[in-house]
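Heads up, the chain below is alone and in the form predicted on its own; it's given as structure tokens.
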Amino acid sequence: MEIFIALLKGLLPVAYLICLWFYGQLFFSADETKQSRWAKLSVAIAVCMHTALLFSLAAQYHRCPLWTQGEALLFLAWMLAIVHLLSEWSADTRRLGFFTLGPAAFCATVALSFLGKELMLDAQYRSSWFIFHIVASLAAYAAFSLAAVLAALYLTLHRKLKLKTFDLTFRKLPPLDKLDKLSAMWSFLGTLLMLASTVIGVWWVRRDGLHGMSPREIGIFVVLAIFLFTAAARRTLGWRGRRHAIWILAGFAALVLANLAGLHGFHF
């Protein structure tokens, strides 16, 4: 088992690098037919390897591999890859794979440096409700990440259109309205998942009689407030396009800063 896990750890970054190569060729080259086939095959192999690594770690540790910093980051990378696949299959965004799969490849590569057998959580946190809370949170982070990537692509295309720069990137990117709708959809899904994570967390704290969050940790709700405001403004104030994209990026920046500052969750 240890040899198999070590092999997967060594091959996973290579598999994702190959994926990015084929997706890059798909986006930046004129011949899409052949590159699309290879991109589809390579991401299927990478996700299967990633899934096998998570199951192998679960078998080795005899627990859910989600309780340390490295494990959480590896699971987040897996969620990012799944979100990428859902977007690719449901909205035909394979051409954008170089951008939408990039966060998954980055997180998976970084996670391998943090993997270890040492359990970082106290006994009070080792419950099924806490696992559900983490899974919902990481799924929300994955949805927010894809929304931010799509919002950034929207701003890129908007700028190129304004400057009348009709280069290869301009021709390859989807229309502005599609990027706007996709980023809004994933942002809204991330908001729902974060709300679910909050409800699960509150229930878990009340059920197990824990102290709850410290005032410092409540800062994570700034992120939720930004995305809730963005969704409400889109619905009630008619925010679309550039303004909506900027607010999504602001919410994602707040999410990154909150985790780097250790306001809530795993502290690296």
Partner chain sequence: MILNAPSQPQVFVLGANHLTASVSLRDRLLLDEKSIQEFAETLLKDGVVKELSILSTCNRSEIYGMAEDPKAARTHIENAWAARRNVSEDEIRTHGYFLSETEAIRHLFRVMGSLDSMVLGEMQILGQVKDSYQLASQNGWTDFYLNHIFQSGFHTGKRIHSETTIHEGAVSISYAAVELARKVLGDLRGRVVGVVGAGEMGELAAQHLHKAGARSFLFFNRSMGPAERMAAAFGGESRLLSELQEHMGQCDIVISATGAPDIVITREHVQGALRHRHGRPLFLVDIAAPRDIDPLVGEIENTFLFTIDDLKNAVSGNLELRRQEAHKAEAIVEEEAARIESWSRALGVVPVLRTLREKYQAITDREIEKWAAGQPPELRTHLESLGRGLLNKFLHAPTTRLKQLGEQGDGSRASYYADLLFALAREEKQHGD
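Residue numbers count along the first chain shown, from 1. Computed from a predicted structure; not experimentally measured.
Omitted here: the form predicted together with its partner chain. The next part is about that form.
Inset, instruction - Name the stretch, out of 104 to 112, 71 to 79, 153 to 161, 135 to 143, where some heavy atom lies within 4.5 Å of its partner chain in the predicted bound form. - result: The contacting stretch here is 153 to 161.
Legend entry - Answer option from V199, L237, C48, A225, heavy atom within 4.5 Å of its partner chain in the predicted bound form: Only one listed residue qualifies here, and that residue is L237.
Legend entry - Contact at F166, L176 and R243 by its partner chain in the predicted bound form, all three, heavy atom at most 4.5 Å: So, yes: the whole triplet contacts its partner chain.
Legend entry - Proximity of F188 to its partner chain in the predicted bound form, heavy atoms at 4.5 Å: Residue-level check for F188: no, no contact with its partner chain.
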